[in-house]
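Shown here is one chain on its own, the form predicted on its own, set out as structure tokens.
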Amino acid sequence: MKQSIIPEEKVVEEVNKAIVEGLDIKEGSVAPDSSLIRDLGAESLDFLDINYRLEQTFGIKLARHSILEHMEEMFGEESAIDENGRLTEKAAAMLRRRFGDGGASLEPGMDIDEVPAIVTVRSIVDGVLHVLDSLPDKCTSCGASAWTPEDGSRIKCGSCGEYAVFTNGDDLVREWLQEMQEEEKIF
């Protein structure tokens, strides 16, 4: 279900805030197409910090593993990364599909170490929205359909007061890969 309780503008605002605070950079230096690594200087531990900040803000669990890791787990070793540490054709196609225009530079044979540079502010916003869109129709505690925003970034039941429980990011990535497999017959 595409939720409309937390507007995309609020998600963008909170992602920008988490990046500014997590990377200790100036507020004006963050743009939607900024690569966290190339443009903003993020390192691998910074991604964990940014994710943690967003999880606390929205009451969600973002994906802990990359699409490539999930591909290897679901479709077998070397389905995403070949023996030389390079993207397979299938992995490049899946990442381009997932990242849209942001993944245009992804090519089969690309070194796996180059892939994290495609993560942009926009792709993080999309990841948060994807989890928020897993909002159930009804409260899992009382069964009411009375979702309401709290502080603009958390969703709770207006009937019983319990916070919404969302599908976690890793499960959503696996679901998406399964859909792509069935739709595209890639694997």
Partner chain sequence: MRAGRIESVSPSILLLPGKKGCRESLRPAGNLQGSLKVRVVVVDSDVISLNGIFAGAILHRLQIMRARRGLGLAGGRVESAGRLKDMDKLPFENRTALITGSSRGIGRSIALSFARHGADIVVNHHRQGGSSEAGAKQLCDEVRALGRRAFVVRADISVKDSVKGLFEETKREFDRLDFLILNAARAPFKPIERLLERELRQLVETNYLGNIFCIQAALPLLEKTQGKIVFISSLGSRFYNPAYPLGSMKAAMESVVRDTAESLGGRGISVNGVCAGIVKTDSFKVLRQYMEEIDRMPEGLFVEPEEVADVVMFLCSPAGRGIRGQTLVVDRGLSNSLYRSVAVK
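This is a predicted model, so every value here is computed, not measured. Residue numbers count along the first chain shown, from 1.
FYI, the form predicted together with the partner chain isn't displayed, but the following is about it.
Heavy atoms within 4.5 Å of the partner chain in the predicted complex are found in one stretch of 29-37, 127-135, 155-163, 46-54, which is 46-54. Among the residues Ala117, Ile81, Ala93, Met110, the one placing a heavy atom within 4.5 Å of the partner chain in the predicted complex is Ile81. Using a 4.5 angstroms limit between non-hydrogen atoms, Glu150 is distant from the partner chain in the predicted complex.
For Lys61, a non-hydrogen atom is located within 4.5 Å of the partner chain in the predicted complex, even though that partner is not displayed.
A residue is said to contact a partner when one of its heavy atoms sits within 4.5 Å of a partner heavy atom; Glu77 meets this definition for the partner chain in the predicted complex.
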